[in-house]
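Shown here is one chain on its own, the form predicted alone, set out as structure tokens.
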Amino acid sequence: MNPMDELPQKIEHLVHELSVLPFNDMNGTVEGPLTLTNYTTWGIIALVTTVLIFTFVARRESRRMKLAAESGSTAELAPSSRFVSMIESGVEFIRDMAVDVIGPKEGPKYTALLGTFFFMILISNFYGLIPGGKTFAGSIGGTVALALLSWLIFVWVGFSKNGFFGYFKSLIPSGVREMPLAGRLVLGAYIFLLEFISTFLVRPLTLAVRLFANMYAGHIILGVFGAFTALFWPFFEKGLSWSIGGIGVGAVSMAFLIIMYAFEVFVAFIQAYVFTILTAVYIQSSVHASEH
């Protein structure tokens, strides 16, 4: 049998595997908003994993601080393991980012929020790289929910810090507000409309689509190279025959699969970072809206 004859079926199977499906019936359809889906299940697993990791680290650090206080030895303050040290470095990285972006006064307040976004997206993305696993970022519903949460937070910060009218007034630059009446009415109204659409529509949309598109596209690419490898190296495909050319195509596909898998590990970090730093930027624009 020609391996290329099986390719459409492989692609169809791949698309099906990446679809939102009921968790207990991979061949069924989602019938309602309360259906437990495969992506929802893996999102819950990622959330629970994040909570467990930080609970474990917090307890270890609390015990370490207690021992240091009792012994008076600063050596007890050193991280107790490489894993704890890695988590601490990640938290320090998020804290420094929050301070740099939002400011030294307000930044530390949002470290826990930004850290939750970063680590949950990162852990979920890693689960998506496990065969059979899913990242909630591979579903547009998952990224929309996360983007809406980010949007609600930075809009709430804008209103709470500047007041209702103050936040809306900040959508018009101070230079435009100081122009003559005609300029304020014409140019001010135009800029206000653009900023309103950007803040209340474009920002949550781009947050959701950017994360979803990058993760979904990466999994499609991995699946395609995996399909080519399976078709031309038919260890487990009955009815397919070996050939010299097929062995070469399979070897190239496997090489690209390994390269792309390594790249997707990098993308998992980058997309978690991009979502987190954009949320920090939006919070910064809300905190300092009155200065615009």
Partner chain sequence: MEALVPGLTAIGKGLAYGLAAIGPGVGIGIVGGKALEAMARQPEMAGRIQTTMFIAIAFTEALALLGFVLTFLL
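The shown structure was predicted, so the numbers you read here are calculated from the model rather than taken from an experiment. Numbering follows the first chain given and starts at 1.
This next part talks about the form predicted in complex with its partner chain, which is not shown.
Though the partner is left out of this view, Asn214 does reach within 4.5 Å of its partner chain in the predicted bound form, counting heavy atoms only. Among residues of the shown chain, Leu14 is not one whose heavy atoms approach its partner chain to within 4.5 Å in the predicted bound form. In the predicted bound form, Tyr273 approaches its partner chain with a heavy atom inside 4.5 Å. By the criterion of a heavy atom within 4.5 Å, Glu178 is excluded from the residues contacting its partner chain in the predicted bound form. Exactly one of the stretches 188-196, 214-222, 126-134, 166-174 approaches its partner chain in the predicted bound form with heavy atoms within 4.5 Å, and it is 214-222.
The candidate spot formed by Thr206, Val209 and Tyr282 is fully in contact with its partner chain in the predicted bound form: every one of the three has a heavy atom within 4.5 Å. Shown without its partner, the chain has Asp100 as the single residue in segment 95-112 with a non-hydrogen atom within 4.5 angstroms of its partner chain in the predicted bound form.
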